[in-house]
Structures are given as structure tokens and as C-alpha cells.
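Just one chain is shown here, as C-alpha cells, and it is the form predicted on its own.
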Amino acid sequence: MIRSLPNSKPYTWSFNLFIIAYFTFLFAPLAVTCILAFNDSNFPSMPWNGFSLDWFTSPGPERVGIFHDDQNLRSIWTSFQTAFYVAILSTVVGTCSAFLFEQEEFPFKKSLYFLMLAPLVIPGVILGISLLLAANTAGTFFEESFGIDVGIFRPSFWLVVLGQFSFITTFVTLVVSARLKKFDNSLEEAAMILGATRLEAIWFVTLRYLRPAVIGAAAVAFLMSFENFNTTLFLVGSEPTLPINLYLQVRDGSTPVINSISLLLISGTSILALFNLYFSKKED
């Protein structure tokens, strides 16, 4: 749609109708879920039986709100810890990878770049199964060859962190690389001419320029890790993350507490996205 050109009324109506239908399709289910978090019902669905805060604050025993639900609170904390470590590892390694592919020349660079992109096209289920089999094989090898039981090779918290890190790093690399492509290398050269070392030039010039992209990539990595299900399902141990815990609850039958959790997650994600947007604009 070109704003400077006149458009017919049918075209304008069709365009506006498409926009309305598109955003309704995206946000209507989320709005219904948030509303049902306040439904005075024992089931996470319609009909509407009145307003209630029980699914947030009720201590039990008939109804247990999210702020008194130890199982869900533990899973939220586990997801938060997992996302924190994955975001840190992915941001550091992904930023280094962006420098490697954008500013260095080495043999088989293009082949390795496409190999780095492989996790983007591999289904999460296949990736999770492959990581589990690889970890089990490595664990069996160490146990049979050296008599060492390496706990990280069993389904556990750290195996989930490594599993998510293995593909989320790719997203961080792409985000940072996109901004690094626009960087003027003469700024680094000028800093080095004025007496800075290469590391000082990178720290005070290049990374300062990349800061909005790095922070944005870290936020994306955190959110991707927090909500990851497919890969985590095969690697999780005795500490389930929130998506796994919600899946088990929905499968076995749950209460509107899952709606209250969804509302809190939507609110938290929106606040984080707005903060990241504000910070990026401020940096620019």
C-alpha cells in the first residue's frame, strides 16, 4: 500500500479489515486467557461465573492460587534460572561468533557459517532427541572407560541449559551480526592510532556501538529459553521448567491457575519487551 497514491474505497476497506482480522486472530486468545484468570470457576474455560482473585491469592485448601502454589513457583524459578544462564552463555558466545564471522577471514568460513545456521532448520524435537542420545553416549563412555559418573550427561538442569544454549546462540549471533555489518571499522582504526590496543578499541568503541543489539539479543535469548518446550522435554530431569510443568498439568487436568500464570507471563514479557524497546531507542 503506497500512501502517496490514491486508493479506492474497496481497497481501503479490505486493507483495514485485514489488519483488524489479523490482530484479532493474534491477540483474542491471549485476551480470553487473561480474562479467565479472574473467573470464579474450578475449570480453566468458559462459562464466566463471576470475578474472583482466588487463582492468584487463595491459600487453599479448596483453591490454591499461584502465589501459594509451591509446585508452579518452583517451576517458574527453575525456568528463570535456566533462562538466566542460557542468556549469559548465548550472549557471550554469540557476540564472539559475530566478531568471528564478520571481521575475520579463515578457511571454510562460509561452510562453517551455514553449519552454524543448522539449528534454525532442525526441528526442536529432533534436536532434543539428538542431544539426549549424545549425552547418554558420552556418559556411558566415561562410566565404562574411567569409572566416572558425570552427572551433567544425565537429564538434569545443566543438560537443559547446554541443550538450549546449543541453538539459542545462533539467534544471538544473527542479531549481533546484523548490527556489526553496519559498523565502520575506521572507528577502531582511529582509536588504535590514538594509542588504544585492539582489545581497548573493541571494548570502548565496537561493543559500545553494539550495546543495543547485545542487550536485545540477550532479552530474546532469555525469553526463548524461558518458553522453550520441544528441546527441554527430552533433557529435563527432576526439576521441570514452567512449560513442562504446565504441559503436565493440562494433560492431567488443571484449574484456572494456569490462566493466572499465563497472565503473569504475558505481563512480564510485555514489560521486558517495552523496556528493551525503550533502551534501544535511547541508545540510538
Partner chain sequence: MMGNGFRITFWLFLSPVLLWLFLLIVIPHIDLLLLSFRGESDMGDPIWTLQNYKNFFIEPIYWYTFLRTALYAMITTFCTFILALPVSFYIVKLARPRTRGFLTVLLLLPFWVSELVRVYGWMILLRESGVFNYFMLKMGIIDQPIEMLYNDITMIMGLVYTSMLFMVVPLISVMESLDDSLIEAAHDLEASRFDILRTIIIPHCKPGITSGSIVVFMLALGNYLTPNLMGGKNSLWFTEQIYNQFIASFNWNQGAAFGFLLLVLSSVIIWVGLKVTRQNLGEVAS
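Just so it is clear, the model here is predicted, and its values are computed rather than measured. Under this definition, the rigid core comprises the largest set of C-alpha atoms superposing within 1.5 Å between the forms. Positions refer to the first chain, counted from 1.
The protein also exists as the form predicted together with its partner chain; that form is not presented, and the subsequent description refers to it.
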T78: touches its partner chain in the model of the complex, heavy atom cutoff 4.5 angstroms: no
Contact test in the model of the complex: K182 vs its partner chain, heavy atoms, 4.5 Å: no
Distance check, S97 to its partner chain in the model of the complex, heavy atom within 4.5 Å: yes
Contact flag, P47 vs its partner chain in the model of the complex, heavy atom cut 4.5 Å: yes
Heavy atom within 4.5 Å of its partner chain in the model of the complex - the one residue of A83, V205, A213, L162 that qualifies: L162
Answer option from I122, A196, L187, L73, heavy atom within 4.5 Å of its partner chain in the model of the complex: I122
T57, I88 and T241 each touching its partner chain in the model of the complex (heavy atom, 4.5 Å): no
In the model of the complex, residues of 217-249 near its partner chain [heavy atom within 4.5 Å]: V220, L223, E227, F229, N230, L233, F234, P243, L246, Y247
Cα displacement of S238 between the shown form and the other one reaching 2 Å, rigid core superposed: no
Core-superposed comparison between the shown form and the other one, G60 Cα displacement 2 Å or beyond: no
V250 C-alpha moves between the shown form and the other one by 2 Å or more, core aligned: no
